[in-house]
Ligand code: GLA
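Only one chain is given next, in structure tokens, and it is the form predicted on its own.
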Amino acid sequence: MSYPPINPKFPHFWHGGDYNPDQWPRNVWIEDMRLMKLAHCNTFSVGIFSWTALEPEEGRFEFGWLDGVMDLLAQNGAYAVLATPSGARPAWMSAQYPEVRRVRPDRQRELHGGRHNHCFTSPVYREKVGIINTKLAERYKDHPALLLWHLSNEYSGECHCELCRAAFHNWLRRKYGTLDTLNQAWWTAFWSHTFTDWSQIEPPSPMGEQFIHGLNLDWKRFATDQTLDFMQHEIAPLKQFSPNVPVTTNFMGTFPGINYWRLAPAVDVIAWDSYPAWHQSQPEWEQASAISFVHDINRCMKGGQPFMLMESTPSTTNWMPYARLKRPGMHLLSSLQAVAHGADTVQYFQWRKSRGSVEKFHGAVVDHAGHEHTRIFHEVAEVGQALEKMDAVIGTTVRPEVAIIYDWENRWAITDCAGPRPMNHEKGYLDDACKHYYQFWRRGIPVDVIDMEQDLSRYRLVIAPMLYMLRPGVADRIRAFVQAGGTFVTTYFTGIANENDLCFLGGFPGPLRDVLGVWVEEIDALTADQSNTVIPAAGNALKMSGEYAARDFCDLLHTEGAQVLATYGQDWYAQRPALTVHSFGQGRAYYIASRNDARFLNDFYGGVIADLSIIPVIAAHLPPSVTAQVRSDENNDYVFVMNFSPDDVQVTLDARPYRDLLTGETIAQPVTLGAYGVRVLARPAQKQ
């Protein structure tokens, strides 16, 4: 299956960067056009933080400079991702309209400064954003350089002003209808926190209420919905004047402040900003797997539609603790890694390094030296040349047999939970999801990463680590999936609470108890220096053997029809079940009762994959640093073989004929990948 290009005006890979011409004189713009061609760049994000340049004082607009930039791009065969400037407001606005400045949880209004710190509820801010967006849409709707509207920049944050407090009350009234319903949902009788008037409800604050988990969850949901409402307000004039120009905004990976699945339907294409920490303490292949996990989230947010890599860095990321340089080859590899997982663009922050302020040492295509004679510039040009040979990949996607559930609201609830490990502390949910994902990434098996609301019917294997929260209908979908023949895997800390963080009564894992065939009676939380062991049963169907280390969480459970595949080896609960499988309908459900070491996950998933006959992209053993990913259309597979290590490796392909998409050569066996090497190979698609 293939999707249409992001904008049919330019049905190729978009390659370029965030461009800030308002920071530079016109002679630099002319030089940028020359350098753009040398770098094989074709698309620039323009105007992201240009509000003051566009409206230097209230009601006085200066579009001449932007006209010049847009015209220059068109004259030089390039295109614009044109931004709305709401991410950073002008100082005159903060001075004249204090209400646009956010109020912090301590109820203090912020001073002017920074960015992403406006009140999404403020009628004044919405009015001013509406005016500037309308003028941009009216002026540039038919401009030949316009490819896409870029909404604001990295929406984030929350405001605790009286306007937002009133909006929150209205949101709660719509959701609950009555205070009795709200009090029951939030279990406010605890500590005598029952509300008797809507006006008594305050957003969570360290100065006030922060222990009602239902309130905390609903505040985060409200913040997401208020962001969505503001975003839709931004979109309206753009669609009014340019209905055929697609719209996006740039997400920030697994940023916990906004549930991106709620925002996704409002945009035409998903875009995200990717900044891996390469060459630090973590092996490159583990970092690569974690980034692939997020690429797959972004591909899945619109059902497999290709996404945009809106920001990345061609060299360093200045805001990390250690701004390490990308080693030679890593830029091409990491750029094509995004493409392998579904990106139809490779874009950067930034095109030209700023002379001053906080990101003056952030990586850029054009360094402070100002010319093309740098290592980074040549590596960017190499990426551009590669993308120009890959038009056949545009719009292609992947349809995995495996899905992992990673859910924003579940993460909120787990983090907030006061036990069995510290409250307001990450309990390893994201890390767990990435570790389960890694077992498929390392084998070259594609995976969808979805939230708990998605349809499961097209998968053969669904994995849901720490599925603490079960919103209405989720358990029913899992039950139907397993009954119909699917295989389901979950872990400790699953089926604990409903959508309001109220614990299920009658025993954990709540509404999944019958599917999993177990009752979890207790959870033992191990300290950082404690561990247990997990010992597989003799002759177990997954062929697991030896002892495995268990840390952090150990569920103490009783089987209710499930078969025991492994038991604990130590402590007073030695010989109690630690891994079970339950036949349910036509399918099976596995329960992993403890957080186990990587060898356990390797052996467990090796057995499950073999049992289900799940076929990897390349039917061959891959070295530890290598993965293979695939994008397909009706006739061809485009296989990306990637080596995330500084050492040369060899990979043996299967028997199908392969052609190197970048060189045109027919591939001989085996394939050699150099340090941080990548090959893009075309082969005939396997017909179903």
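A residue's number is simply how far along the shown sequence it sits, counting from 1. Just so it is clear, the structure is predicted and the values come from calculations on it, not from any experiment.
Form predicted in complex with the named molecule: not shown, discussed below.
- The candidate spot formed by Trp278, Ser315 and His378 lies out of contact with the named molecule in the predicted bound form, as no residue has a heavy atom within 4.5 Å of it.
- The contact residue chosen from Glu311, Glu209, Glu284, Asp451 relative to the named molecule in the predicted bound form is Glu311, the criterion being a non-hydrogen atom within 4.5 angstroms.
- Of the candidates Glu202, Asp268, Asp367, Glu154, Glu154 is the one whose heavy atoms come within 4.5 Å of the named molecule in the predicted bound form; the others do not.
- The stretch in contact with the named molecule in the predicted bound form, judged by heavy atoms within 4.5 Å, is 358-366, chosen from 494-502, 181-189, 293-301, 358-366.
- Heavy atoms of Trp319 reach within 4.5 Å of the named molecule in the predicted bound form, making it an interface residue.
- The named molecule is not drawn, but in the predicted bound form it has no heavy atom within 4.5 Å of Arg421.
- Among heavy atoms of Glu372, none comes within 4.5 Å of the named molecule in the predicted bound form.
- Interface membership of Phe349, defined by any non-hydrogen atom within 4.5 Å of the named molecule in the predicted bound form, is confirmed.
- Taking the named molecule as it sits in the predicted bound form, the stretch 234-272 comes within 4.5 angstroms of it through a non-hydrogen atom at just one residue, Asn250.
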